[in-house]
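A single chain comes next, written as structure tokens; it is the form predicted on its own.
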Amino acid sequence: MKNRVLVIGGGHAGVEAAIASAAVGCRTTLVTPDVSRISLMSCNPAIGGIAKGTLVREIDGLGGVAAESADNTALQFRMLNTKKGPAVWGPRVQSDVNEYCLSQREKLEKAGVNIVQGLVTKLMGPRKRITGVVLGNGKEINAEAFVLATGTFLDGMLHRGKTAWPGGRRGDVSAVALEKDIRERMFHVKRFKTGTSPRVLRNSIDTSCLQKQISHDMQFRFSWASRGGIKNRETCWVTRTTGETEEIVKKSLKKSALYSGRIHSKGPRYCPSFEDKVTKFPDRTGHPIHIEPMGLSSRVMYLNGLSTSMPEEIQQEIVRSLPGFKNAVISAYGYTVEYTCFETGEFEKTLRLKETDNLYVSGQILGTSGYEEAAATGLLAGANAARRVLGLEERIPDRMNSYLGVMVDDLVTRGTDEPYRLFSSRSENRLNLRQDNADRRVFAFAVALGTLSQKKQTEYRAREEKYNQLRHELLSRRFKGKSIQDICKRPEVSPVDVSELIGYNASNIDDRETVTTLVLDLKYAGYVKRAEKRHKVRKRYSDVSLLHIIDYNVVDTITIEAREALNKRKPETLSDAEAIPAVRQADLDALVLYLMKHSVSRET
């Protein structure tokens, strides 16, 4: 049978792209250099986090597989950001790396995806319409549409101290020839970098002086297909760097690949190397280091927060300066990887490259960082590639309804001059973009995209019917003269409180999630309406002049990052400000409020 869609790369983006393409109805082939390393977590062994965890639930609502694999291979669960309201909580699991790889491969096989082990070295056909690919062994594979999901492998170069070698990650080859072919086709590209931390043998760590990281028993699941909440199967720990640790780095900076002048690429601002932490915060000590198992009873632990490109002997000094690590044995040293990605303006919101008819991109070559961002963009790219082949309309997610929409709109409209990381603050509608209601928010888009199976559609409609029945009952009830709806809006009132007030027995995980979503929908309804209104107002103010703002430091409601960028760029209008990567939607809302407060007219 003829391949309809071919996916290049077997990472988190590639897996979702291939399964989405197959779900839409196309025969799909995935090409990856090493079948045993499909969806390998090359950095920290975890899925989720603030905004990222919500994105994983959106992937599940769209028919993707990352959420189910995260549930099935979880070692420990934690809900991040709980000091703030539940709208911005971030679910996160520690994962068994090997189990996750196996789970993802099984899901590819179940979806009927043909897996080919090989390295793509060249695209075939003219720039406008690709016809096939050439593998390293000379084999050619033809298809009608293609998804590039190459992660950090495009001309990937690893750095540690003075040593540099080609590779997409430790132990893998670099797609040098494919990157050369892309450049020769006159696509505009740039270089980014990211890094990873040392891994240490578990039995060489003294945990008696470490802080135990406790799993949260909240009966949470990423996927609605999972029948129960995530169970704790492992222990994680936390230590902190010391003055000695920082001093070792300060005196050794010239030996770092990052600070010796050998690397010029931009790295992720919000996941900096340890060298960056020490340099940018010289007076601070006690940086937290999270010690995470690479698998159930794994002999190897990952030191999250200690990303470095120092030489091996310096990494050993750094690690052994940590409390509990006096006799630590490093099993794998950290490194920095430089890689090629596409420039802003090269791709559309469908994730198709503008100068082609049938070549789509996803994951880190879009400029993103993180497994979750890669998986979500892979799903969209794979689905749209299949829709293109079948002659169906390509689909674009709405930023007001999903974090996927926020991310795609940000990447295309404003671009990024450093690896893009998703945050709740990037959304102007974040009180509605919650993890608990992800399936409700993305359902219509999932059906339109064609990636949600009939079985999952039926299950969703059953949940929706239960939601509507409970909503009708809740809105008709009163307590001590007050409507339950008004009681829900009180900050101190939780979904559990409401269940008790109306006598609703949430005996299983489905019922608990239903009442939680309903109560939070009612609690935030007013805020969501205001967010939608602000969105419309901002569009109305898009042409307002900003030239009268000489110094953006006077606008104390915007982020420091945005102030720096605005003072540097000096945009003429709000629309120009929106195109600046460092300016988030929350910053734009703050600017609109500032303009309204100072009575700036549209003619100013």
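Numbers for residues come from their place in the sequence shown, where the first is 1. All of these numbers come straight from a predicted model, not from anything done at the bench.
Form predicted in complex with a small molecule: not shown, discussed below.
Per-stretch contact check against the small molecule in the model of the complex, the hit in 192 to 200, 257 to 265, 137 to 145, 207 to 215 (non-hydrogen atom, 4.5 angstroms): Checking each option against the 4.5 Å cut-off leaves 192 to 200.
In the model of the complex, the one of Thr32, Ser69, Thr54, Thr28 near the small molecule [non-hydrogen atom within 4.5 angstroms]: Of the candidates Thr32, Ser69, Thr54, Thr28, Thr32 is the one lying within 4.5 Å of the small molecule in the model of the complex.
Contact assignment for the small molecule in the model of the complex, among Val406, Ala374, Ala74, Val361, heavy atom within 4.5 Å: The residue from Val406, Ala374, Ala74, Val361 that makes the contact is Ala374.
Interface membership of Leu351, the small molecule in the model of the complex, 4.5 Å heavy atom rule: Leu351: no contact with the small molecule in the model of the complex.
4.5 Å heavy atom contact, Ala149 to the small molecule in the model of the complex: Result yes; Ala149 sits at the interface with the small molecule in the model of the complex.
Gly85, heavy atom within 4.5 angstroms of the small molecule in the model of the complex: Taking the distances in the model of the complex, the answer for Gly85 is no, it never comes within 4.5 Å of the small molecule.
Close approach of Cys271 to the small molecule in the model of the complex, 4.5 Å, heavy atom: Yes, Cys271 lies within 4.5 Å of the small molecule in the model of the complex.
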